[in-house]
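So this first bit is one chain, no partners, the form predicted alone, shown in structure tokens.
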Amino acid sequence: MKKNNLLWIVILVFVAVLSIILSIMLGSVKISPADVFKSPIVLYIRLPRVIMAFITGAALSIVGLTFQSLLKNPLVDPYLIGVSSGASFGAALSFSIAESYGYFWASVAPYMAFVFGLFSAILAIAFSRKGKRISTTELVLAGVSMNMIFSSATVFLLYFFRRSSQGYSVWIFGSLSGVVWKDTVLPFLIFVLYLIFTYTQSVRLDAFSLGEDFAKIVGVETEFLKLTLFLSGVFLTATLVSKVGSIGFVGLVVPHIVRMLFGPSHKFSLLYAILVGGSFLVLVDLFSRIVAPPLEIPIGIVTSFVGVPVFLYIMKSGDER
């Protein structure tokens, strides 16, 4: 590992730890440093919430980074191509059915989210494909269409099952409110597995970024790589959505910043994306809690305010790799 890469990782780890400490101590109820390890608010409310925020930010960032490499498109994001909205509908449907037909339906929420998230993404990609090429503009438009369709379907569930508007906002805008320790286990395990697998494919992703034809020449099984990374990325996103709802633009903003600052090498950009993405969402969640206490702003609204200008900048600059 080059010395400058090691230095940046140390700096980003420090920033991540600092953001976690600040998020634990600050909120509608302030916790003094002396009481951090004794307060039940920290142990049972804030700490699992902060851990989930970091996992979610890190996971969405590496999924976005991977998807952008696979599709050779800097505008690709699990949210923008419809994965998150489809997964939100699947999870909301699962929990809504569970209210009438039992816990089994709630237990399969990640799988329902995966099915609908995958279905939404496949539709978006299919409608944007022209021959062997995927049109950037049409992929964005198709993704927006999928978002509108599945967001509307989720709102329909609100009225059909007479769920509260607060429950509806979780699936549309995302929220870390109410996260407990057991909610972090499955997302963490899938995130770690996805990271390990993606990291082992980092050299192949570097080759893929230079063009699919080049990757084939150097021996990369491109179809296998696309299929496995895409399906596992959708499943990871769907699992997160089933716990915290749809949080947009993290997978767009963080990979763009990482590539701009640290270069395209996946061996290091994956690690940078984890640290930057995790810290980013922890700080965004902190902001959503302290900006208007005791109210909480849905976290997806805050990420949209950050993400939309970046999205427009990328479109305007024509940042094609």
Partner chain sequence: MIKLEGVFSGYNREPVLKDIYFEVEEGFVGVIGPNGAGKSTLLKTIASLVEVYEGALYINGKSVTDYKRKELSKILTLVSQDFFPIYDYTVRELVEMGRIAHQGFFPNWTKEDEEQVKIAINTLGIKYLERRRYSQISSGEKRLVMLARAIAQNVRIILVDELELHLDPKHKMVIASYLKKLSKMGIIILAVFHDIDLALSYSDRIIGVKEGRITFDLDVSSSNLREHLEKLYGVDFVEVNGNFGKRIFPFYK
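Please read these numbers as outputs of a predicted model, since none were measured by experiment. Positions refer to the first chain, counted from 1.
Just so you know, the form predicted together with its partner chain exists too; it's not on screen, but the next bit is about it.
Between the options F127, Y199, Y111, F156, the residue in contact with its partner chain in the model of the complex by a heavy atom within 4.5 angstroms is Y199. Taking L141, L193, I122, L210 one by one, only a single residue has any non-hydrogen atom within 4.5 Å of its partner chain in the model of the complex, and it is L210. With a 4.5 Å cutoff on heavy atoms, H266 counts as touching its partner chain in the model of the complex. Although the partner is absent here, G219 is a contact residue: one of its heavy atoms lies within 4.5 angstroms of its partner chain in the model of the complex. Among residues of the shown chain, P187 is not one whose heavy atoms approach its partner chain to within 4.5 Å in the model of the complex. Heavy atoms of R259 reach within 4.5 Å of its partner chain in the model of the complex, making it an interface residue. Here the chain stands alone, but in the model of the complex its contact with its partner chain, taken as any heavy atom within 4.5 Å, falls in 73-81 among 73-81, 230-238, 92-100, 172-180.
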